[in-house]
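A lone chain, given as structure tokens: the form predicted alone.
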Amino acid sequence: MEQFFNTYFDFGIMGDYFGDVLNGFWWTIRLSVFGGVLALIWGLILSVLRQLPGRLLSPIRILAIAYIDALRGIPMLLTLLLIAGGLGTLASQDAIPKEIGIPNWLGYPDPFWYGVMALTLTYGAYMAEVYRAGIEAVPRGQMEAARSLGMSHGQAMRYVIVPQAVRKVIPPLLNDFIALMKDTSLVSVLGFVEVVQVGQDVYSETFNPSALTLGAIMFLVFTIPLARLTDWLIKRQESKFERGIP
């Protein structure tokens, strides 16, 4: 048991490298915030496109469904490598502007933005399905009532359906955000120095994984409260449903 704790919980190593691990974790937080916010927006756009009515708009619906199915079926690591390799290659061949292919927006390095793109594209697809479930859970009569008041389909979706749907799907969206936050560690394959990469660097230097344990603890400090918040919101929704509150 002592050997186990010395291997995974060497407090000397944790203390010596705490600042480095914390700095890496702040990059993880930045990735989560940028990727999470953009994925929420992109997922909502996809879900609305998937709900467009009429035969004339069926090509857009088909494209949205195909995109969602494809991005949910491809591992995010593969998406990340395709983005990083593809954009970098296109930029080096002057096929696209270097500001897009090798982005350094806001002073952040290009692997950061490749990670944000991969998180947005992948989790936008997952969140689109969550939004769709919320939209379909809104009673059909809500749309009919809005249309009878003279609203267009777009106005009814914007002012009536989507606001109700979003309130219904906040808990599963939080679950997706927790998963997104954990998947930020995949950006380390590009050499980006976030918390996992820092832990790996310390491990290669000390041959002790305690810095990785410290990174895991930092993840738990954020994800466990989010998980409990999700549970509370689910119970709150269930209690409202039992009382008949929409």
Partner chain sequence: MTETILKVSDLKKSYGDLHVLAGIDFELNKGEVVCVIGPSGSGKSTLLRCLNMLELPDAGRIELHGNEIYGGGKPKDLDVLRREVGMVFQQFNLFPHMSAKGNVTIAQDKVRNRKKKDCDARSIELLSEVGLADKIDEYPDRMSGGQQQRVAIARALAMDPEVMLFDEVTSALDPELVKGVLDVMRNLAESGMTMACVTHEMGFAREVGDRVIFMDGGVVVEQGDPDQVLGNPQEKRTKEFLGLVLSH
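Positions refer to the first chain, counted from 1. Because the structure is predicted, anything quoted here is derived from the model rather than measured.
One more form of this protein exists, namely the form predicted together with its partner chain; it is left out here, but the text below deals with it.
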{"item": "Stretch in contact, per heavy atom within 4.5 angstroms of its partner chain in the predicted bound form, of 153 to 161, 103 to 111, 87 to 95, 70 to 78", "value": "153 to 161"}
{"item": "Candidate from Leu82, Ala145, Ala133, Val166 lying within 4.5 Å of its partner chain in the predicted bound form - any heavy atom", "value": "Ala145"}
{"item": "Contact flag, Leu149 vs its partner chain in the predicted bound form, heavy atom cut 4.5 Å", "value": "yes"}
{"item": "Partner contacts for 128 to 143, taking its partner chain in the predicted bound form and a 4.5 Å heavy atom cut-off", "value": "Arg140, Gly141, Gln142"}
